[in-house]
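Shown here is one chain on its own, the form predicted on its own, set out as structure tokens.
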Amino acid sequence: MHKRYLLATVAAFATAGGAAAQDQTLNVFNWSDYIAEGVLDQFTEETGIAVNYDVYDSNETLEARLLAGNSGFDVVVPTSDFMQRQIAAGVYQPLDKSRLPNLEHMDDDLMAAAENYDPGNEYGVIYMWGTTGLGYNADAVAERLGEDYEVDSWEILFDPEIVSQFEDCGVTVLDAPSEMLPAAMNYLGLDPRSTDPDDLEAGAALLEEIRPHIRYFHSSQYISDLANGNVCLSVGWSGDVFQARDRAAEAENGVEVGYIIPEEGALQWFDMMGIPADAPNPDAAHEFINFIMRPEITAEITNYVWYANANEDSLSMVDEEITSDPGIFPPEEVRARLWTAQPYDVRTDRLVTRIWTRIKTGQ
């Protein structure tokens, strides 16, 4: 097992080289708990480019920075559906693929799937991919629902009678309306990609029904809380829940964390590396993206963060415990039940924002 830490702002400086090396700086904005320790140092040691590394825990935070302009970032990592609408807004510059020879290592099928958001993969490269499912405390489930209860469905969250039994030990959901509303709609048998106001309101009504049993809405706090036993049921991103499981095992605190992709299906997402149109150092950005796509570097990150990657040539270097886990690399029959997100138009986005505020505040 290995330790993981929430990275705040990290500056990696060259160990060798003169003033010229120190003149180059790369500004990266990425998700929290999402890169292996030592990778930034290695990049700096090889290139002489210092890295300023900042983190966020929601696509909305990143989008606000990018749309405001002059973000100062050279590389950002939006989720694919957010990137799609940001491309339309002119946020990114096209990638110079002649400077990205390590694209040859990427999985053709997964990159083709990413083209649904970024035709021709013109603006982005897959960093990691995963699913949005359920993390849970196995002992808490057994205590409340019995040793024989199998966590395999969204019902443990969306059935009010069941989820109410977990209120005392802590239920959390992502602060991400574009993920939570579709999950609720899918459970109701509706198209999770629907933008019909009636469908969105139906999903909202289900979330409002279980709202009294939700302790908080947050997109990163649940990692440590699951690991420490402070909460017992969380909607979360696959790799984050596996990080919680790993931390609990390291702490030897008796907490057993599980993760499932519900049988009704779940969201499959891609996090994409892109270069903002006004990036201060696009040359260094290309160098960094190409470095991340080196199979041994991608494998090191996956071994650390427990997220699936799209680098086909890295998989032989990924721990078998990870590649054999169906929650990380789901089998074909499970992947058939996954859906991808569809970006909302402006009118739908406003409606979803109003709905989400209503759900969170209970008003």
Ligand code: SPD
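We number the residues from 1 along the sequence you see. Computed from a predicted model, the values in this text were never measured in an experiment.
Keep in mind that the form predicted in complex with this ligand is not shown, yet the notes after this line are about it.
Checked against this ligand in the predicted complex, the residues Asn27, Ser32, Ser314, Thr47 give one hit for a heavy atom within 4.5 Å, which is Ser32.
With the partner removed from view, the residue among Tyr136, Trp269, Phe242, Tyr117 that has a non-hydrogen atom within 4.5 Å of this ligand in the predicted complex turns out to be Trp269. Note on the interface: of 163-171, 261-269, 210-218, 194-202, the segment with non-hydrogen atoms within 4.5 angstroms of this ligand in the predicted complex is 261-269. Within 4.5 Å of some heavy atom of this ligand in the predicted complex lies at least one heavy atom of Tyr307. Within this chain, Glu179 lines the site of this ligand in the predicted complex, having a heavy atom no more than 4.5 Å away. Within 4.5 angstroms of this ligand in the predicted complex, the stretch 38-59 places a non-hydrogen atom from Asn59 alone.
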